[in-house]
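Encoded as structure tokens, the following chain is the form predicted alone, with no partner shown.
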Amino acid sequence: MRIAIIGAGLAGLTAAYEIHKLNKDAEVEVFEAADRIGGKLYTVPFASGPTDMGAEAYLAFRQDATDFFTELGLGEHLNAPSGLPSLLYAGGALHPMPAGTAMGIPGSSEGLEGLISKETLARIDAEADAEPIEWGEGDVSLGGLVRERYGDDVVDRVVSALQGGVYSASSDDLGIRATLPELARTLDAMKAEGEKLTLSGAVRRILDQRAARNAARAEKVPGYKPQVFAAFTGGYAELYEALAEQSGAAIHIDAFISGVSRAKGGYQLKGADGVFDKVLFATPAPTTAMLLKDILPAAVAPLKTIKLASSVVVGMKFDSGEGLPNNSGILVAIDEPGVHAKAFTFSSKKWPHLGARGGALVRASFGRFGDDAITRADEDDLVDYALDDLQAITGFDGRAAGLSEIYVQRWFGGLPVYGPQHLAAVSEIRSLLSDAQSVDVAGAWVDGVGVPAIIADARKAAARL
């Protein structure tokens, strides 16, 4: 069996590895248009050590991902964070990150004093007495619901700041079922039980259930403390290089595939030799639409509804970190005037293995869906924005601290926007693919943007093929 995989990002490489594990006789070829593997995972060689300019961590409570990394021989390369808290910059001041929320959505006003208006504080606490939420089987805007129940400043100062770090989009552009399935399941359950549907009630139920799960685990494992994130010692290059080496696949870089057509006995790739029995499209949704147009034209329309958000990461290594807040990072409210950056990660504070290198490593992030101008700014301007914003927000003068290394990474169309229609589009595409049998899809747009979700989905696609 000859299988083609288009795209050598995390999804494509994971699928190649999984196919080889399931069928050692399968002949797998991976075609990557860029000049490197890894896709949106990218580790660059700073003089101080390998440094990620894409994702830098994964959700460590996803045991399936940790088990997968251990299977690859990388278990001992995983590092826990320092546990230092993050901050939120809003209203021209730094605030502790609100605790007791579901992805920034509060269940009460506690801990939000000084961050949002007194009127909004009162509105949150009175929300339980408001008319119930109208909740159906379809998806709705996350920001829209929170604005309706709590008000604008909760969305602009808290919820969108957190969502922007994950999806490079404001919560107004995101669907609840697509991005916060835990909240959607809770509202579904409350509706089925005949309970009044309120946002505060749903969030409190989520928080109570989390507390109960953690307490149960603590009883089994004394001293148990949930670990949210983990990172690789040598960056994500350790993962994508291990996948490539262990996949048994022939991997072609600088190999642009311009189309796929049916041929006698299988499929012909424009840009590759021979005929393939099966094809996996591990490419962004717009690229997948272009590649599928000749063999599955009905999938083009739903694929084109999936939009992409662009972003920029500016990595900076300072000779000294003196004066940098003792926190893991800062999220910036989307209504904050005069600030270009949406977030700062103090990587050397967040990760002890990076802090051991000396100096300070800081990543500045820019760009949200609908704001491509900042991602196209000149490199010198982006660095100045990063340094100026960092000083204005924290008082840390990066220029005086000695800026020894800089790397600017632009991610054009780096993340799919999981809008209210996203799940319906993916469901339609999956239905069309199930009839095709010998073609499949994988990637961040299919079943989640996080590393564990992409791996899990790619392994399932490999098994189907």
Ligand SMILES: Cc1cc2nc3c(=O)[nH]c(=O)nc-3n(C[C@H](O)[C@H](O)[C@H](O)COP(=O)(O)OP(=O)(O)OC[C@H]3O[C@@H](n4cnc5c(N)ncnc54)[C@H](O)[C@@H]3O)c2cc1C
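These numbers come from a predicted model, not from an experiment. In case it trips you up, residue 1 is the first one in the sequence shown, and so on.
What comes next is about the form predicted in complex with this ligand, which does not appear here.
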query: Option touching this ligand, based on a heavy atom within 4.5 Å in the model of the complex, out of 287, 391, 320, 117; finding: 287
query: The single option of 415, 425, 65, 408 touching this ligand in the model of the complex, heavy atom within 4.5 Å; finding: 415
query: Options 276-284, 130-138, 81-89, 201-209; stretch whose heavy atom lies within 4.5 Å of this ligand in the model of the complex; finding: 276-284
query: Every residue of 15, 299 and 456 near this ligand in the model of the complex, heavy atom within 4.5 Å; finding: no
query: Contact label in the model of the complex: residue 291 to this ligand, heavy atom within 4.5 Å; finding: yes
query: Partner contact for residue 420 in the model of the complex: this ligand, 4.5 angstroms, heavy atom; finding: no
query: Partner proximity in the model of the complex: residue 218 to this ligand, non-hydrogen atom cutoff 4.5 Å; finding: no
query: Residue 398: touches this ligand in the model of the complex, heavy atom cutoff 4.5 angstroms; finding: no
query: Sequence-ordered list of residues in 238-257 near this ligand in the model of the complex, where near means a heavy atom within 4.5 Å; finding: 255, 256, 257
